[in-house]
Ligand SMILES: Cc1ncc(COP(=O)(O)O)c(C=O)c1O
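Next up: a single chain in structure tokens, the form predicted alone.
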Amino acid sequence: MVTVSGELALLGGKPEVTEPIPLWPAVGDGEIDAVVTALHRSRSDVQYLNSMPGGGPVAALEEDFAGHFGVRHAIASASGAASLHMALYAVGVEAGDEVIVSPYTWGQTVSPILNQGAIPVFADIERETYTLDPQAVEARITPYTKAILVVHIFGQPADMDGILAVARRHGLPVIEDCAQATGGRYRGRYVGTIADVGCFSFGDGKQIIGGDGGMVLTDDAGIYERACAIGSHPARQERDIQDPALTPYIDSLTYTYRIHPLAAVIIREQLRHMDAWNAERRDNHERLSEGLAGVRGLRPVAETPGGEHVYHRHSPTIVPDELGGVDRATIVAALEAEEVPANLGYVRQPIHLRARFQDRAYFFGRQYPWAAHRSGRGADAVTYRAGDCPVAEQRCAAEELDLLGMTAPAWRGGLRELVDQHVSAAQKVFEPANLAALRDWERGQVSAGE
């Protein structure tokens, strides 16, 4: 498909990638026209600039989203993190409870657990797919576990059959974090519709965008009303909450998690294109993976059995033993010199080893919420140690590679030449003679620094 030739650009050769990389996030004429129309309508209908009652364009987006995904209830929010916080409360997570979650994710998967006063408990990931390992999840369940929060990382569906089997055995609700996987499918079903509740993000770099925004999906009326109670204005609560256990608490004592109506307008327009765009992304990213399949030192992105990856990120795996001693940072530098967007990884440090967990220092002070653990044993009731999640730790330490960075969702449409140039660049960097040249370059850098 491609051929490799020439000196590495890092060492003075010409970059392999010359095709322009598309912009993302991006909007088309449809989104612009929809926003202009909405602004004109705002002169006579305040709901185009006021989302408090949850009507107008917000209601239209929720109806379309629920219909497209085939669920009964949808409630828009300000962000993916807001959606997760709403969902955690809605499934019954309370202060001092434990929630099992992946250590290999963006921090805002985990911060809503802390925001709810609960305690994150980290379970390891699958080596090939980087998603939660069901066996590791089951090993972390205690009498204090209240929910499982599963992440479809990078657009990769997790093993939902395995996760749900564990959850059913222990009577636990499951929340799907679909922030990076909008439109992804598992065994033919959209992620976010498989477990008790699904949460989405429409921020920068997602499959469809609104600038900001999020969504909670569920078939459960009780979960929907509780999500409404924690994240909505009283005007919406009064309209949508029927549960007599919740109605006495309809109040302005809540979180301001509303979406902006103009963001809802943009997202609604992009929703029409989501499946087609994701199909184009899959074609381009799968072509890239096919080209990388024979590259020694690199393991291409794998796909969860039964899953359809939708590529918020393209993250293959470095195989350190096949690099001949070349440092991973040097590989990144060589790829970047070839005009391939690359960095040392998206996660870089597993969440459980970060300072806030090691020091029990969140924003509440006095080691809260850990100090409120249900066992009464205080802040050390749950420990976070190196070795707790060895697969995630090894990946972050030596194997992680973020090959396209924020440009991954931009790979829509016919990009054959661009994809092939990226394949050629990777083959060039990992070619044995060039790895030897990079090893010599590293030695020169060290000598120059002495």
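In case it trips you up, residue 1 is the first one in the sequence shown, and so on. Since the structure is predicted, the reported quantities are computational estimates derived from the model, not experimental observations.
From this point on, the text means the form predicted together with the ligand, which you will not see here.
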Counting only non-hydrogen atoms and a 4.5 angstroms cut-off, does Ser79 reach the ligand in the predicted bound form? yes
Using a 4.5 angstroms cut-off on non-hydrogen atoms, would Tyr224 count as touching the ligand in the predicted bound form? no
Does any heavy atom of Tyr346 come within 4.5 Å of a heavy atom of the ligand in the predicted bound form? yes
If you check in the predicted bound form, is Gly184 within 4.5 Å of the ligand, heavy atoms only? no
Could you work out which of Ile125, Val340, Ala90, Val151 is the residue within 4.5 angstroms of the ligand in the predicted bound form, going by heavy atoms? Val151
Select from the listed residues Ser102, Gln207, Thr218, Ser201 the one whose heavy atoms reach within 4.5 Å of the ligand in the predicted bound form. Ser201
Check Leu84, Gln180 and Gly213: does every one of them have a heavy atom within 4.5 Å of the ligand in the predicted bound form? yes
Counting only non-hydrogen atoms, which stretch in 107-115, 357-365, 271-279, 235-243 is within 4.5 Å of the ligand in the predicted bound form? 107-115
